[in-house]
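Next comes just one chain, in structure tokens: the form predicted on its own.
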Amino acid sequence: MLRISSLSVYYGAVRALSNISIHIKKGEFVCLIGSNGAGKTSLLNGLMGIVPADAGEVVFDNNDISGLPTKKKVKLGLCLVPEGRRVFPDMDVYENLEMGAYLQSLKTKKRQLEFVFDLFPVLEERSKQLAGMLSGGEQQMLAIGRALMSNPKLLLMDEPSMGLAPIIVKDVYSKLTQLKERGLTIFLVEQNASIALKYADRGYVLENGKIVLQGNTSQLIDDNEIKRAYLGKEYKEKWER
């Protein structure tokens, strides 16, 4: 479904990504893990055209979308849930969801709204509440719901666990699993490697703007270097003994 080949992104003279190649098949749940500053958000921004790619090719559904503007990529079925959720705080929940469907027909908008409310009943309950008054977890659900309103084929997620309590993170990932089971393809970037590797099918490891490791998540979880670097103090202590 998605093939990224030799993608490079610069911010002025600073290289954020170097020669990145990733592939995602239809129906997969794929994660990209890496530390803060590794280039994870830059990859999503380059993919969506939010920042221009210096080199490389992006093919989506057999179409070269490398030079397309962000709006056309959304129309084709790519949609990003940004880091930090970025809901419109002074608009109510329903209005936020409407913003996600601005390129869709009324029929599609109605169908997707029913789908979102079925997945996140709390959003229907609070449809007239200002988005800025929601909890962090509810705002994350709203951000996902807003993206789903665009009727995406591939959902991109940027740090969905950021700033959320562990129990809320688990709930968010449970909803993502439900979306995968309904046939949606998902690609997310995460600093929280343990939760991402638990739920995803395959994973990539990004360090200093380069892919350094890839494989099935079961393989990555068992990799001692991944355990040492990303999976917590208890793994590090065990590995270094």
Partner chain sequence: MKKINYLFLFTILLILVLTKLLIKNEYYLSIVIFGLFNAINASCFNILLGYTGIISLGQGAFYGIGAYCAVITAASYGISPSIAILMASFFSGILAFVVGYPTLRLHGHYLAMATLGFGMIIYVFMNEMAFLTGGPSGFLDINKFTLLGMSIYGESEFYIFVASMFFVFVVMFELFDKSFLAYKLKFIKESEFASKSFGINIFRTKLLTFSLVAAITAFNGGVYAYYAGFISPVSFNFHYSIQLLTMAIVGGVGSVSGGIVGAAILTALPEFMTAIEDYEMVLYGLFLAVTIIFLPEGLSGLFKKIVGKNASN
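Positions refer to the first chain, counted from 1. Predicted model, so just to flag it, every value in this text is computed and none were measured.
Just so you know, the form predicted in complex with the partner chain exists too; it's not on screen, but the next bit is about it.
At a distance threshold of 4.5 angstroms between non-hydrogen atoms, residue 66 is out of contact with the partner chain in the predicted complex. Proximity of residue 114 to the partner chain in the predicted complex falls outside the 4.5 Å heavy atom cutoff. Put simply, residue 70 is close to the partner chain in the predicted complex: some heavy atom of it is within 4.5 Å. Within this chain, residue 86 lines the site of the partner chain in the predicted complex, having a heavy atom no more than 4.5 Å away.
Screening 93 to 101, 133 to 141, 118 to 126, 160 to 168 for residues having heavy atoms within 4.5 Å of the partner chain in the predicted complex returns a single hit, 93 to 101. Only one of 211, 53, 38, 48 comes within 4.5 Å of the partner chain in the predicted complex through a heavy atom, and that residue is 48. Contact with the partner chain in the predicted complex, defined as a heavy atom within 4.5 Å, is made by all three of 74, 82 and 146.
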